[in-house]
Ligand code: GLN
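Next up: a single chain in structure tokens, the form predicted on its own.
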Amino acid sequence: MTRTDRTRYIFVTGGVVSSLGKGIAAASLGVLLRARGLRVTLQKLDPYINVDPGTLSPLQHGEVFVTEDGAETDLDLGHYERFIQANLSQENNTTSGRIYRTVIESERRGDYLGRTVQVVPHITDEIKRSVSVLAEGHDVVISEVGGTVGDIESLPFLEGIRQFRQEVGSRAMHVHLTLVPYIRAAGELKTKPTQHSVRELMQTGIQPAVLICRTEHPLDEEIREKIAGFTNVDPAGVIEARDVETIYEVPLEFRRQRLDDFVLRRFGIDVPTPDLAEWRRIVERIKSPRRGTVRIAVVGKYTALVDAYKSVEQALIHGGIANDVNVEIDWIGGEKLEQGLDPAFLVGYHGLLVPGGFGIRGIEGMITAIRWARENGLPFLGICLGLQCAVIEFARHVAGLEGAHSFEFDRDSPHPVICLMDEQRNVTTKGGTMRLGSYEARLVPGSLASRIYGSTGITERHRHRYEVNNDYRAALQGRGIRFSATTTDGKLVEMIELADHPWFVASQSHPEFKSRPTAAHPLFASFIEAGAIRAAGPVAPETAALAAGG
């Protein structure tokens, strides 16, 4: 199976309601097929008109995930990378905006030779092209269509994947994720929403081969037979998807129901059974850690929606797996500290993390939390904005630079210790104008950062516009801050740390994007280890009820 024309394609759609977990389902199927020796990649087809999610509010759409090549993508690509342990690219995330832009640019160039440009065939052809371009080097391409069947904006994608299946025949199949609700008053599961969802999908010309049914209760054989009978699906293709303790358990549940066997049988592929020992170890460590609990406070901007920090959440969990500890995370809005929350609530935690973000809301609260962590020896990890807030805090309260701030938040600050890159000063558009994607950095030998990484050369992914102002580096370093990593030319600060603190590290990059359940990112593994040491030390955990609720 090395030829491109032998590639198999799986299209994942969703019905009834949103947020059923198509991304996790697609990634879990990818895990099973990869564990059987197949080369697998995943793709997200998003129906919104934005060219990419880079300008969308995280509170509306969740995290913006960044790939190695600098693409701003849907958060599901984070799940894909973490599950199949592979780096994805711009080609793995396509939106309606990107599809239409490509077609319109072609029309403006005259590529269509005077023909009328239409949704069919021009838009659907571009959708099909965006799928087929992933075939090279892969045995299986799994494409998830965002949104819910019945949404008007999804129709071009549904038509595109319908045509694709028609053109490649048995080398493609459709998987539909749906809901089987439990009506407590009646005491029974109801299959009607699933029936209607599949019927609507079939009206677009798509017959699913597999139904993944989200449910709170087990699907007995009678229910499975009923669903299969009303949807023209083989009973073996009706898969139960109940809530589990950890998303990393989903591949094991799918394997228990032999979803991968069913898919491979339909494709006519004969490969060895999967070895899932590594996944079982991960799940066991998450569900039954042996070294107690580490409590982490995340003080940030978008804490009202955990999906806004999905990769941070997962990277902390990965750090727990690496240290065999349970990680409890409380999400606290920075504005709470601005409104009077005493930062002493942090005494009940074993670590503070300040993640990325844009805009001034909550900034002073984050700075207050960082100051408490610095002065009280609480392990601190800053990410992107977290590094910038740490530099501002240090400049104000240690270096004596009164009024120090970021040029982003206060353009009249007497000490703009965080400034705009020169090449960005005249940029007026916001989409795709940042330092994005993978950049190399040089770590100072002997620094905590170099010991954590076990190297003096690293690459990390970035997503930011503002940098540490080089005019202040000498003054800050003279008061005790250590610039433990810079770009390879030494011009930009990449990491900072404090030598007189148990564990105080901040990174301009986003290390969470490269963390995996099977290989926790070194910074997160070390941060959780420092938290575990504090948890075992003289500081007794407290409830910190004031901070609950995010």
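All residue numbers are counted from 1 along the displayed sequence. The structure displayed is predicted, hence computed values, not measured ones.
Keep in mind that the form predicted together with glutamine (GLN) is missing from the display, and what follows is about it.
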query: One residue of Gly351, Pro416, Pro251, Gly356 in contact with glutamine (GLN), assessed in the predicted complex (non-hydrogen atom, 4.5 angstroms); finding: Gly356
query: Proximity to glutamine (GLN) in the predicted complex, single hit among Cys384, Ile84, Val210, Val298 (heavy atom within 4.5 Å); finding: Cys384
query: Heavy atom of Glu408 within 4.5 Å of glutamine (GLN) in the predicted complex; finding: yes
query: Gln388 within 4.5 Å of glutamine (GLN) in the predicted complex, heavy atoms; finding: yes
query: Touches glutamine (GLN) in the predicted complex: Tyr453 (any heavy atom, 4.5 Å); finding: no
query: 4.5 Å heavy atom contact, Lys128 to glutamine (GLN) in the predicted complex; finding: no
query: Proximity to glutamine (GLN) in the predicted complex (heavy atom, within 4.5 Å), stretch among 231 to 239, 457 to 465, 276 to 284, 99 to 107; finding: 457 to 465
query: Contacts with glutamine (GLN) in the predicted complex - residues in 496 to 511 whose heavy atoms fall within 4.5 Å; finding: His510
